[in-house]
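Below sits a lone chain in structure tokens, taken as the form predicted on its own.
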Amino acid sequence: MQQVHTSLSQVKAEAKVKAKKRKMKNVLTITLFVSPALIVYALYVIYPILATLNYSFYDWSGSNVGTFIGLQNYVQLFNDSIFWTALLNNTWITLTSVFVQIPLGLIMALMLFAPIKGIKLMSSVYFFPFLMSTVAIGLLWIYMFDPINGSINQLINFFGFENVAWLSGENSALIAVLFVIVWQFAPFYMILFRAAIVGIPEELYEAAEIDGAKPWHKFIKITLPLLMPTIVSSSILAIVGSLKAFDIFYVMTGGGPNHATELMGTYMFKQAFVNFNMGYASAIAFVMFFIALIVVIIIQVLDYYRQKKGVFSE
């Protein structure tokens, strides 16, 4: 009896050893397959972020050895009126992207499912602005916003109004570029929503129709709740993209006139490659990253509690 008990103990011990070896083997296998991606991620994402944070503590021109100045760049940044103007402009882009681009993209996606003749052709026409180069779009709209010969002012003149200096006026330049951004990126969200709508089971709409639901009720009770994950993802993309916006503003206005369209991205570029103040530019870059990180965390937390409470949940 004692020998049987001993043999059972040995079998259990051997089984534990084998399970431990198997677990270690699985961990090593997973590590082997994941490590290339982790190395690339660390080199091209984590290291640049940490290096930017490190450079922000230096007075550095980019060529010579920098001088450690602690938080002086951040103190200067938070007392810099141009930076606050740039942050406000980025905020306007964010609000426009979330509350204009995304709803417009959803409306365009819904239109693609309407029984309208030639709607397939319209889907290609809708998406065309997003396929164009940002530089080409900027140059195109510079000509269209031309104060004398631009088509926008010619249209305004047709209705009896005077010409507007769209890109050279401090009050109109930001509005003009925001209009271009909406025109360019709304088709991107249209494609995202179209793909999400296609994935909604048709049986849900058929059951709702049998119950006498009207189109508006179908949208509120079926389409919108099932689109919430796409809306959240689109909001994150819009916010992050708005905070790091650069190219279209640099092409169309260069941050002018008188910093009226200055962004954190354009201001960082000027400090780095015009003024060669790499330390100060690094501080701007890290603040951009930190703001984007905080906003994304807030969105994820709010979406978690939304799902927990069942508001607009699937």
Partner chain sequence: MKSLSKIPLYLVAVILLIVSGYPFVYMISTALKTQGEFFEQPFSLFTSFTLENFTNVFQLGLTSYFVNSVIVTVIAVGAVVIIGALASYPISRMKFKFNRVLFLLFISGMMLPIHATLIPIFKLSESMGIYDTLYALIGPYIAFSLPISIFILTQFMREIPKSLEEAAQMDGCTHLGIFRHVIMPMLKPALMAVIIYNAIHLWNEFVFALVLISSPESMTLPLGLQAFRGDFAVNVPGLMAALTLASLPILVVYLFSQEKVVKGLTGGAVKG
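Positions refer to the first chain, counted from 1. Given the structure is predicted, the values throughout are model-derived calculations rather than measurements. Whichever C-alpha set is largest while still superposing within 1.5 Å between the two forms counts as the rigid core.
FYI, the form predicted together with its partner chain isn't displayed, but the following is about it.
Asker: L204, V135, I82, V198: which sits within 4.5 Å of its partner chain in the predicted bound form by any heavy atom?
Answerer: After the contact test, the surviving option is V135.
Asker: With a 4.5 Å heavy atom cut-off, would you call F68 a contact of its partner chain in the predicted bound form?
Answerer: F68: no contact with its partner chain in the predicted bound form.
Asker: May I ask you to state whether T261 is within 4.5 Å of its partner chain in the predicted bound form, using heavy atom distances?
Answerer: No, no contact at 4.5 Å.
Asker: Report yes if any heavy atom of D59 sits within 4.5 Å of a heavy atom of its partner chain in the predicted bound form; otherwise report no.
Answerer: No.
Asker: Quick one: is A114 in contact with its partner chain in the predicted bound form, heavy atoms, 4.5 Å cut-off?
Answerer: Result yes; A114 sits at the interface with its partner chain in the predicted bound form.
Asker: Let me test this: is every residue among L77, F99 and A165 within 4.5 Å of its partner chain in the predicted bound form, going by heavy atom positions?
Answerer: No residue of the spot touches its partner chain in the predicted bound form.
Asker: Heavy atoms within 4.5 Å of its partner chain in the predicted bound form: which of the stretches 212-220, 88-96, 168-176, 120-128 has them?
Answerer: Of the options, only 120-128 has residues within 4.5 Å of the partner.
Asker: Would you give me the residues of 259-274 that have any heavy atom within 4.5 Å of its partner chain in the predicted bound form, in order from first to last?
Answerer: The stretch 259-274, when checked against its partner chain in the predicted bound form, contributes G265, M268, F269, A272, F273 at the 4.5 Å heavy-atom cut-off.
Asker: Rigid core fitted, is the C-alpha displacement of N275 between this form and the one not shown 2 Å or more?
Answerer: No; that C-alpha moves by less than 2 Å between this form and the one not shown.
Asker: When the rigid core is used for the superposition, does F246 move between this form and the one not shown (threshold: C-alpha shift of 2 Å or more)?
Answerer: Shift of 2 Å or more: no.
Asker: Superposing on the rigid core, do we see a C-alpha displacement of 2 Å or more at P215 between this form and the one not shown?
Answerer: Yes, P215 moves 2 Å or more.
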